[in-house]
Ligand code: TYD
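As a starting point, one isolated chain is supplied in structure tokens, in the form predicted alone.
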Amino acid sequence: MGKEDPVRYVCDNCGFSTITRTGKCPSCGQWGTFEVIQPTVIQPMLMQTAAAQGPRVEVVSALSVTPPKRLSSGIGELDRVLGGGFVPGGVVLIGGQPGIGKSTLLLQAGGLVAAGGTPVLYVSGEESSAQVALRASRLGMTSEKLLLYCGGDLEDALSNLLRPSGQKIGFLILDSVQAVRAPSETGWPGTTNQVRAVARSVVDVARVADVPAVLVGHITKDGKLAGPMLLEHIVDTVLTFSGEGYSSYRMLRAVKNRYGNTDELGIFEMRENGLVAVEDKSGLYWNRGGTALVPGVAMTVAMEGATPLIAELQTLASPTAFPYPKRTSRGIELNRFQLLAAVLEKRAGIACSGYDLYLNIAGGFSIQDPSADLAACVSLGSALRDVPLRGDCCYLGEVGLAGEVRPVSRLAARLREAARLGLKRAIVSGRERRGKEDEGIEVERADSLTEALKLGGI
């Protein structure tokens, strides 16, 4: 008799495993997410055979380290986020809100790849052939090498990749992983075991056929990819496609990438003829000096991954007679804004307690890293003193509780972007290392917030 493992219960949401039946997951706190995993039997004869054969290991130095030849999608922003294009045998998972443009982006990519001579198989489990064909016609993606399969039978769809006759498929798109069904598993499409089986089947077939594959995944109301956490583990790359409902701009980020970094950001604009890449990203959040002479306006350069973006911080100070003045911030965390106001009052001597303070980053941009601290403080000081700042100056630095100005990361890239957009002056931390003098911008250094305010004319 073989040795039998105990029955295990695995959480569909986070992958937590336990041998005790429970209703609430102790890891993620979700209710009713546990699924029974049947025990496996380990045969002693198989264990002895494996032991007799010895471990199958390889010497790392003897392995090939040649970078894989990538398949370009024809969309520069998408290729940059992926790290240079799709990798043969690699599987990409892209998720986003309904109607954000996932299918449009992938249909454009598939059409451009097909136009380059590589046969593409587009599997749609949610739309009919007429719907996909209509969208492809509107986007101008009607290549003869763009093949379409509409249906929910995964086995029938994937058989086209391994079929010896006909065109050899070079790129696979599955839209979506929750809409097709694997015949080997029970349940309706979209259930946990079906999503797991569909993803595993696509990964296996992509490896065998040596073709890149893309899976479209739904997201939950919390913004997470629907289905088991295993879905994100077994794929090679996870992309998120996001955007605000009031805006036509879409942002593509890599959450996981085995073949590249996750620092890149791709920005697209949704138009009538599809998604168009935005080349000048800083122009989305800067009106190029339209409010330069208004008090309370300061410029900074924020890093979105590896992309520097010009951001315009606007602050308004209004006198109040109430004992508890109001603090409102959009684009910077409110607690951070309150902390900076306290530092400005205590360390720089500019009273804030008698004013309602409002901070906004133009264009709906949100900054998470502390590199905008100095710009926020200078903007706030300008609004309180009613003194306008120079429109061709930017402020780069983190402000500590002691009033000191700390260095920021990737200063050279920020200065290059500021100089490219016409800014002439930058105020940075005095602790920054002396870099190249050919950045095309005048750099002044300040050790404290008080010095930075003086350099800004406050």
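Fair warning: this is a prediction, and the values are worked out from it, not measured in the lab. One-based numbering along the sequence shown.
From this point on, the text means the form predicted together with the ligand, which you will not see here.
Of the listed positions (R135, K145, R336, R385), a single one reaches within 4.5 angstroms of the ligand by any non-hydrogen atom in the predicted complex, namely R135. Exactly one listed residue, out of R330, R207, R271, K168, brings a non-hydrogen atom to within 4.5 Å of the ligand in the predicted complex: R271. Considering the ligand in the predicted complex, the lone stretch of 339-347, 253-261, 271-279, 319-327 in range is 271-279 [heavy atom distance within 4.5 Å]. Interface residue remark: L161 is not counted as part of the site for the ligand in the predicted complex, having no heavy atom within 4.5 Å. Although the partner is absent from this view, Q194 stays clear of the ligand in the predicted complex, with no non-hydrogen atom inside 4.5 angstroms.
Although the partner is absent here, K102 lies within 4.5 Å of the ligand in the predicted complex, judged by heavy atoms. Among heavy atoms of S72, none comes within 4.5 Å of the ligand in the predicted complex.
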